[in-house]
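What follows is a single chain, given as structure tokens, in the form predicted on its own.
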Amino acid sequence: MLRRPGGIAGGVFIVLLAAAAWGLPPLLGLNPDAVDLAAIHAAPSAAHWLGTDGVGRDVLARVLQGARVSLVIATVAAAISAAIGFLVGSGAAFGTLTDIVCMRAVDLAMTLPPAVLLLVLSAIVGQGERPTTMVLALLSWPLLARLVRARLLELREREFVLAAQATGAGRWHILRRHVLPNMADILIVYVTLQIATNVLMEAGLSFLGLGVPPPTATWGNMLGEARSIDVLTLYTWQWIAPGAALLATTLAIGLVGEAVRAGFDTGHA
């Protein structure tokens, strides 16, 4: 995995982005909500490295705040989704009745159009960082549940699982000691790739006004605020900066995910 330049480059970018997002604001005194009335729509300069927006807020400070919000929401949502998918898939593989119930729930969730489900869930739970995190977590677990169930159906016939059952080990003991270590590849690859997807979905929700609302800066609502023709043509730095950050971050996380998946595939081979 570490021999893949794309994965290394993506990992370095994510580390640098996280370090800048959490380290630069206190170091440089950047405040994403501070208004400079003398520098409305100001172009990039020594005072404002990426310029300012329509009310005089520093674009760099808001891009960095957007990075913090996006990375936290995407990571937490992917972790919650992985936990739900693992539990549902595990329950489906250890009993006929639970298999029927869990798989019908998975089938129902997978038949619903993702875009429609995303908008409906967002309208129900409301706006904000926590509601957006829960929406993203509830949207993406069915695929993992199927993958976990398929792996468990294979593992439960292996000798070490049968031996554990013969000694009287309980279901949760088997899942924790024998199944979970053999699920590491699926879970790690899923979480890594799902983080990239969540970053894009969070930006889309915020762009539509259904995610994290202003004044909290996210890349999505920054792009949403830059939809006017004047901003698109005259003040390009206001949308280029968050757009480039969004594109580079999803690409970097995707490269890391592909490198992780390739590393596990090579190890299995």
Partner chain sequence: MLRYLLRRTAAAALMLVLLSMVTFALLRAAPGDPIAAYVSPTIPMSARAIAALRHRLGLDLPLAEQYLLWAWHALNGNLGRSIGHGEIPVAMLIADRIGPTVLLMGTGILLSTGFGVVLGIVAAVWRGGTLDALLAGLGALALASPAFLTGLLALFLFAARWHLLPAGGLITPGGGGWADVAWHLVLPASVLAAAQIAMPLRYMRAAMIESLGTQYVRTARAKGLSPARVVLLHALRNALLPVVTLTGATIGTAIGGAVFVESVFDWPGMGSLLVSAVSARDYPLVMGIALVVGAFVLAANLVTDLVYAAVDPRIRIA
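Residue numbers count along the first chain shown, from 1. The structure presented is a predicted model; accordingly, all values stated were derived computationally and were not measured.
Absent from the display: the form predicted in complex with its partner chain. The rest refers to it.
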- Message: For the three residues 6, 21 and 134, which mark the spot I'm curious about, does each lie within 4.5 Å of its partner chain in the predicted complex through at least one heavy atom?
- Response: no
- Task: Classify residue 17 as contacting or not contacting its partner chain in the predicted complex by the rule of any non-hydrogen atom within 4.5 angstroms, answering yes or no.
- Result: no
- Query: Is residue 216 close enough to its partner chain in the predicted complex to count, meaning some heavy atom within 4.5 Å?
  - Reply: no
- Message: How about residue 113 - does it come within 4.5 Å of its partner chain in the predicted complex, if we only consider non-hydrogen atoms?
- Response: yes
- Message: Can you tell me whether residue 158 touches its partner chain? I mean in the predicted complex, with a 4.5 angstroms heavy atom cut-off.
- Response: no
- Here the chain is shown alone; which of 108, 184, 166, 97 has a heavy atom within 4.5 Å of its partner chain in the predicted complex? 108
- So which of 176-184, 195-203, 74-82, 150-158 is the stretch with heavy atoms within 4.5 Å of its partner chain in the predicted complex? 195-203
- Let me know which residues along 231-252 have a heavy atom within 4.5 Å of its partner chain in the predicted complex, or say none if there are none. 232, 233, 236, 239, 243, 246, 247, 250, 251
